[in-house]
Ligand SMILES: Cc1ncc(COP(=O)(O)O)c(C=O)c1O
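Quick setup: one chain, the form predicted on its own, written in structure tokens, and binding and motion questions come after.
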């Protein structure tokens, strides 16, 4: 508890839930890119892919895209998912995780979550397997890695890919190495409120170099760009691609942000650790995703479980603190097939989870202000 918290800021100044992080060097770097002949996909995209692979993807091949959703769709296309297939996926995530399943003509089969982590439950995954299952999709909720050993074992036994929507989890590790090493495909997001933004964008991380050329074809209409740029138009188009590539403008923002990565990572991790420490003494608040020593949290979200969530939100807002749910169970949407009645884990937290502010402009004193507010009750 911070005894000086009351003097830090007036209650009407407010602490917002999210705020985009744009590197201070981005504007100058983008201006330089705008003065070149490349503002669409060009050399900056290649450089961003190279640096991202080195810094955050365990040196695995990367394909930059215009959104994380596009990267997920590419992963599913590369995995051969199509009409009549089933994809086991988490019920608790952004709809962007599961819309690509529908675009492929496949059926999302929802698995339950673990109430203590809000991650997909491997026990539920195994129970959902059928002969139609063609992939498993997992989401490290808030940045906490899933139980990757168990999920990978299930996927390997079924001889299907494990696709990881790691939109929340830039920098996360499992057993001391990047989480990408434990999945067949992984996607990262650079949407506005992620760890850093490229305006919007994504990165698909592939398991080896065998599929990188296919990924690059599919993200640009099925056209071999390297051949096209040499003036060779004899190259045929044999696969249906789409316009999923990143631009050099976005990649320039990404490169600037990578230069700040250590600062971003340290700040967010420090805030999350402080939240966890403070909540240890508050009986009415349960911190989600703490206490693991086999995985490293990426610290994108700080989520808690509380009774009377509506009352808690109202109290926080009265004190100038923004908090909300952010994500919802996907079976609430008609397009996903309607409400499931076999989700006890999800049901148990449905009215309890709440996301608290955590971004580059949140300070340690802000965390004290938030936790002190929760300590007083609602």
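In this text, all values refer to a predicted model and were calculated from it rather than measured experimentally. Residue numbers count along the first chain shown, from 1.
The following text describes the form predicted together with the ligand, which does not appear among the structures shown.
- With the ligand left out of view, the stretch that reaches within 4.5 Å of it through heavy atoms in the model of the complex is, among 252-260, 167-175, 237-245, 211-219, 167-175.
- A heavy atom within 4.5 Å of the ligand in the model of the complex is found for one listed residue only; from 107, 191, 284, 116, this is 191.
- With the partner omitted here, the residue from 184, 296, 197, 97 that has a non-hydrogen atom within 4.5 angstroms of the ligand in the model of the complex is 97.
- Of the heavy atoms in residue 93, some are within 4.5 Å of the ligand in the model of the complex.
- Among residues of the shown chain, residue 74 is not one whose heavy atoms approach the ligand to within 4.5 Å in the model of the complex.
- Proximity of residue 143 to the ligand in the model of the complex falls outside the 4.5 Å heavy atom cutoff.
- The ligand is not shown here, but in the model of the complex it comes within 4.5 Å of a heavy atom of residue 68.
- Although the ligand is not shown here, in the model of the complex the stretch 115-139 places heavy atoms of just one residue, 139, within 4.5 Å of it.
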